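Shown below, as structure tokens, is a lone chain in the form predicted on its own; questions about how it binds or moves come after it.
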Amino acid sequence: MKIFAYGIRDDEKPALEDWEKKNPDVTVGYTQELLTPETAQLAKGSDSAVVYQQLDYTKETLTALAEVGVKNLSLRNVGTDNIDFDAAKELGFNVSNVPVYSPNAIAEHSMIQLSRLLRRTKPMDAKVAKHDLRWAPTIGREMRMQTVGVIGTGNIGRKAINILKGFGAKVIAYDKFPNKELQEEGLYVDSLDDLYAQADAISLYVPGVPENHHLINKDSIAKMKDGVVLVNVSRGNLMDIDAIIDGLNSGKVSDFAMDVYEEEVGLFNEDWSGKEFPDPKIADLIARDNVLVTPHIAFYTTKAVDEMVHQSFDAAVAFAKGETPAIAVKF
């Protein structure tokens, strides 16, 4: 059996080597290049392909992969919104993802960023770096004094809620598909408008499906409390970044943390030292004292990377054996 993997990063190699030791009967080939119609040729002779979500898996790409005999596609990530499922069905593909690798990693990052915004660590760190050790005017706020709105109460959202409870914050939540336990606790509000009206801070944990596109926009921001704090570690397309910038400029949005960006492909995970960003909006956001930008690293822990590699390769083997792994995507 042979598996070919695309987009393998240096930090994934220890996990991959560990998986290979545990599966000596499987031959593994890989490249740092992403799956495209051109690089599909590299998987020729393989039983399955393992990929990481960055580029769209278009009909052209899937056709190129099918033409070299590979119709098993295992994603090392959660999101599947970049797959042309009509083409995948037409071509007879099997697809898997890793729906749960470490919800703690993402929830922790979001709450660390929210805490940093409330305690104004970015401007304070800048002051200390310049040897300015005066307190004022960099005064912070306490998490326990905030009403925090959590949009999306899946695995990650529930972990974030537990962290917020530890801080003593008041939590309110909204989800189209409520969790029974949270419902019994009385954490849900009836609508997003209710959440917008009550929350001092809002953090998102929903997928970037079409119905959630620009969920946070000019109209929704207008419904929020003045000085609201926004956190997005989920998907870049959940927020209209122009509306966010307008909100920051007006003061309607007091602080903002983002780990994802709608136009992040080709921008994030690249070294721009000494070079100008191709997108002036990113430069603008990074320069602000009240904005925290991280380049899609909420997931980026040793535990999460290990799970993403092991689960995706296990699924690729299962597909090759004609089996249906537990993490197969139904479409």
Partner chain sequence: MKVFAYGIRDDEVPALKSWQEENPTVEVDYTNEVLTADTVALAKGANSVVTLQLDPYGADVLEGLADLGIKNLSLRNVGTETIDFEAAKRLDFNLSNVPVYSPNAIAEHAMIQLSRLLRRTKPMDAKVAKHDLRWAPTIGREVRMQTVGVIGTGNIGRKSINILKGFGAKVIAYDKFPNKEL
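Only the largest set of C-alpha atoms that superpose within 1.5 Å between the two forms is called the rigid core. The shown structure was predicted, so the numbers you read here are calculated from the model rather than taken from an experiment. Positions refer to the first chain, counted from 1.
Here the subject shifts to the form predicted in complex with its partner chain, a form of this protein not shown in this document.
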Problem - Contact label in the predicted bound form: residue 30 to its partner chain, heavy atom within 4.5 Å - result: no
Practice task
Verify the contact flag for residue 218: yes if a non-hydrogen atom of it lies within 4.5 Å of a non-hydrogen atom of its partner chain in the predicted bound form, no if not.
Solution key: no
Exercise for the section: With heavy atoms only and a cut-off of 4.5 Å, decide whether residue 133 touches its partner chain in the predicted bound form. Expected result: no
Exercise for the section: Verify the contact flag for residue 192: yes if a non-hydrogen atom of it lies within 4.5 Å of a non-hydrogen atom of its partner chain in the predicted bound form, no if not. Expected result: no
Exercise for the section: With its partner chain left out of view, choose which of 155, 179, 254, 115 has a non-hydrogen atom within 4.5 angstroms of it in the predicted bound form. Expected result: 115
Problem - The single option of 245, 163, 91, 171 touching its partner chain in the predicted bound form, heavy atom within 4.5 Å - result: 163
Exercise for the section: Look at the stretches 206-214, 139-147, 80-88, 192-200 and give the one with heavy atoms within 4.5 Å of its partner chain in the predicted bound form. Expected result: 139-147
Practice task
Indicate whether the candidate residues 57, 310 and 328 are all in contact with its partner chain in the predicted bound form, with contact defined as any heavy atom within 4.5 Å.
Solution key: no
Problem - Heavy atom contacts to its partner chain in the predicted bound form at 4.5 Å, residues of 177-199 in sequence order - result: none
Practice task
Determine whether the C-alpha of residue 53 shifts by 2 Å or more between this form and the one not shown once the rigid core is superposed.
Solution key: yes
